[in-house]
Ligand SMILES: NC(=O)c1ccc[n+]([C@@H]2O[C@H](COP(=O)([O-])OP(=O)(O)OC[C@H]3O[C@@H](n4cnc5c(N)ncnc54)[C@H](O)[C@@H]3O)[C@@H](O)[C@H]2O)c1
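Let's start with one chain on its own, the form predicted alone, as structure tokens.
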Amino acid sequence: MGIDDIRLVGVMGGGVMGGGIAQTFAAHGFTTIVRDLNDDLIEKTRQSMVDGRFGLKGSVERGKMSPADYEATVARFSFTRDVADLRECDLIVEAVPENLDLKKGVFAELDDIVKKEAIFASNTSGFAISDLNRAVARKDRFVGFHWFSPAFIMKIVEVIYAPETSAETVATMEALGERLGKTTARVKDAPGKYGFVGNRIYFAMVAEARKVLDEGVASAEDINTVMRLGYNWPAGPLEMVTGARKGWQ
């Protein structure tokens, strides 16, 4: 499966991350299907993609997208509750909650449904790819594809390869990242660790920030302010997780 073979993309799970990922694919010309569990979750994802802080309407208002491109992008994405609707997808990007058993169960189900040549990619924040790929037969076409929040805005995506991941799959995902306007970082899987490059380093910084807070050296607000203004971070270490999970509202 090469980059030119990817035309139909399935995003398994909506929410802040899944919606942002789907929005990016649709904005760059890919027909995209988002699967979620119920209509309420689907509607929340749709609203985030269209009306959210980093949604498509905002892109038009800021002059980043023309009205015509907006209409074309909206026409390229759809939603479903039926996992069988993903069967003809060329690429599946999984973005369900960060639970190892849940993710493995999702991939096991998909492996029986989605066409065998399709690539499976997990947006896991840090589970080992060699653990997740145990759920599928297509281990050579299984890869980590870790986006950062907000997905539509952030420019970096980690491409994580396990020993079983084929060189062709890695090359395809790197080329795909470029087509999506992202910079990719090739990362070796690290079983026994949680996190790849970004999160492993970030978690160490958060741990130190919490020590500073617990020692009474500074308030959480002041710790965040020092790192925002002193190091040009977009958000302080003690507020990043909240922002990422809530869509930076």
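Note that this is a predicted model, so its numbers are computed, not measured. One-based numbering along the sequence shown.
The same protein also has a form predicted together with the ligand, omitted here; what follows describes it.
Self-check item: Full three-residue contact with the ligand in the predicted complex, heavy atom 4.5 Å, for 49, 52 and 73
Solution: No: none of 49, 52 and 73 comes within 4.5 Å of the ligand in the predicted complex.
Quiz item: Which one of these stretches, 204-212, 177-185, 62-70, 33-41, sits within 4.5 Å of the ligand in the predicted complex when only heavy atoms are counted?
Solution: Selected stretch: 33-41.
Quiz prompt | in the predicted complex, the one of 124, 165, 172, 133 near the ligand [non-hydrogen atom within 4.5 angstroms] | solution = Exactly one listed residue reaches within 4.5 Å, namely 124.
Quiz item: Considering the ligand in the predicted complex, which of 91, 157, 143, 96 comes within 4.5 Å of it through any heavy atom?
Solution: That would be 96.
Quiz item: in the predicted complex, does residue 120 have a heavy atom within 4.5 Å of the ligand?
Solution: Contact with the ligand, no.
Practice problem: Look up in the predicted complex whether residue 9 has a non-hydrogen atom within 4.5 angstroms of the ligand, and give yes or no. | Solution: Looking in the predicted complex, residue contacts with the ligand do not include residue 9, since no heavy atom lies within 4.5 Å.
Practice problem: Flag residue 237 as yes or no: does it have a non-hydrogen atom within 4.5 angstroms of any non-hydrogen atom of the ligand in the predicted complex? | Solution: Contact with the ligand, no.
Practice problem: Please run the contact check for residue 149 against the ligand in the predicted complex: heavy atoms, 4.5 angstroms, yes or no? | Solution: Judged by the heavy-atom cut-off of 4.5 Å, residue 149 is in contact with the ligand in the predicted complex.
Quiz item: Going through 1-39 from first to last, which residues have a non-hydrogen atom within 4.5 Å of the ligand in the predicted complex?
Solution: Contacting residues: 12, 13, 14, 15, 16, 17, 18, 35, 36, 37.
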